[in-house]
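Shown here is one chain on its own, the form predicted alone, set out as structure tokens.
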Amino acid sequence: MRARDRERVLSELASRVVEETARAGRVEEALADAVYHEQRRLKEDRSKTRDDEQSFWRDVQSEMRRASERALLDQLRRVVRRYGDEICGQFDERVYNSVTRAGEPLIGLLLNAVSPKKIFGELFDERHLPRFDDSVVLQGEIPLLHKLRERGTLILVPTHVSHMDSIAVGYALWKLGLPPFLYGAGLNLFSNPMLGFFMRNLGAYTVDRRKQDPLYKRVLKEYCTLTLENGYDNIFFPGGTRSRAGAVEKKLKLGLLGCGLPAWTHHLQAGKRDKERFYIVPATLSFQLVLEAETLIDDFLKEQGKARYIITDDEFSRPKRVFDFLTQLLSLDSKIFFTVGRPIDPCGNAVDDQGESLDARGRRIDPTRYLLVDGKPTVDDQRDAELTREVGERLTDAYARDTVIQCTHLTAHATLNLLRKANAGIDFVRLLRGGGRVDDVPLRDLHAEVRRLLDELRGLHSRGGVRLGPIALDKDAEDVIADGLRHFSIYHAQPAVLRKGDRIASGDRALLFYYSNRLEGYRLERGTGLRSPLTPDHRALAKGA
């Protein structure tokens, strides 16, 4: 957020939250809950806790005991403002201009495995530097994205598989000629000093998922709402955290996603006509390999779902690991696909090429009628929650359609299918953790299974039900497997799939499961006798898988 807007937005944020809490008669209760949750968090926090945090909450608890009603309101405002100051990001145009001037060559060097000799020999000759365009494919509804931004404020909602996502999305938006969007980043990401500096000064605001205080969550949602009202485009990851199982998101967290409706209602109440519309834009990211795949799938499987909610020590926290991952991945001319989906309005309606909302029959409608109570625009939490659920359903459909299936996904899925068949009757988790009677399968069987999957997926692709990477779309099964094996061999300590002569095995069956899961949800198990190993929402293991 720009410095000129920061104080005004934070003041309005405090006023709204305090007034709403006071109207509900919950001032003392809200303060008590905040003290309880924050003191509990600080007690359980294993990291170094700032003394001022402990002191602050001790003071709040002490002053509550003898506070008048007015003093309680002041205390509540103090707590809300503290939360707001912590969340609020900042935007420094000087930093942004410096990064964008140098950014293309720097990202190009990072994403392409150039030798040290080439780096130093050509560092100052931009003509010879690898380009970001060489590594990232931008596709989908890009012209419509530009058009709608001229008319309204955008809420970009990508899938979420890696901490690399926010970097890739932010840079893709710049490459598309769009200004920086605001986005929330987990507090743990700011622990990297260099990355934290750029994130703070390029618009990121902090989201501390360790905080369970309902008041904190209320402040966070109101902050996001106010940024939209003030014309700041936003990025939300409605999957919440990164997909632990590697599958496309099916069950979304709708809290921040619902900010568009109250922002739109407040616009109408204020009679604002400039950029009056709000649009939700789904997007997908697809990588052949995922930086944190080993940690994510281990967390998913650990103790049958009793995993950590926040991972603070994954691969992204180690800069050398990030560099090694990117240089090895792009040494194969691997592509990262950023696909912009078809936008919808905050009520879940499709929009046409002029940004007008459409009903189920394709007729133009006025969506503001959803926001009226007795003829006046009114915030209604129950109504807004129901409309946001409909938005969530539209997004999960869009994610399935616009996900790009790549060779690693196909190779892993086919291999896991064959291993499951060869080890019929063995518990699925046991197969992943300990192996089975059969540890490898014939290469010819893998060719046949990949061909079967390609036939299914290419038919689905032709009907607009999924997207395929160029090799998966145009090449034969042998080429798909060869490309998948090349990628699996370059990064993970134990490859998900490896070739042993004329047989195929897995060096890490948990990783095999992770990459295979990108094909879950497309009903590809039909005719195999296998059941999907994931629940329909992709958040847990299915019983009896």
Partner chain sequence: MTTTTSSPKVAVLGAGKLGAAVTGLLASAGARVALWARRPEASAAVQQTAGKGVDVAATIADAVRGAQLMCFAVPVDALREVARAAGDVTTGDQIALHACRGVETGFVLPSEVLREETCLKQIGALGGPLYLDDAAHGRPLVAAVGARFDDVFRAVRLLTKNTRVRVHATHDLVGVELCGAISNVAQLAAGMAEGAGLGETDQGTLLVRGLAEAAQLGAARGAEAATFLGIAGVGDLIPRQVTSTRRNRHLGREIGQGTAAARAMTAHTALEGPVTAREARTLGDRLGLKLPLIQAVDDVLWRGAAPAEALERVLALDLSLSF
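Owing to the predicted nature of the structure, the values given are computational and were not obtained by experimental measurement. Numbering follows the first chain given and starts at 1.
Form predicted in complex with its partner chain: not shown, discussed below.
> From the candidate stretches 463 to 471, 249 to 257, 420 to 428, 375 to 383, select the single one in contact with its partner chain in the predicted complex, where contact means a heavy atom within 4.5 Å.
Heavy atoms within 4.5 Å of its partner chain in the predicted complex occur in 375 to 383.
> Does R369 make contact with its partner chain in the predicted complex, using a 4.5 Å heavy atom cut-off?
R369: contacts its partner chain in the predicted complex.
> Even though the partner isn't displayed, in the predicted complex is D445 close enough to its partner chain, meaning a heavy atom within 4.5 Å?
Contact check for D445: no, nothing within 4.5 Å of its partner chain in the predicted complex.
> Does S334 make contact with its partner chain in the predicted complex, using a 4.5 Å heavy atom cut-off?
Heavy-atom contact with its partner chain at 4.5 Å: absent for S334.
> Closest heavy atom of R363 to its partner chain in the predicted complex, within 4.5 Å or not?
Although its partner chain is absent here, R363 would touch it in the predicted complex, with heavy atoms inside 4.5 Å.
> Using a 4.5 Å cut on heavy atoms, which of R81, R149, R389, R452 is close to its partner chain in the predicted complex?
Partner contact (heavy atom, 4.5 Å) among the options: R389.
> Would you kindly say which of T225, N349, S286, Q75 lies with a heavy atom within 4.5 Å of its partner chain in the predicted complex?
Flagged contact: N349.
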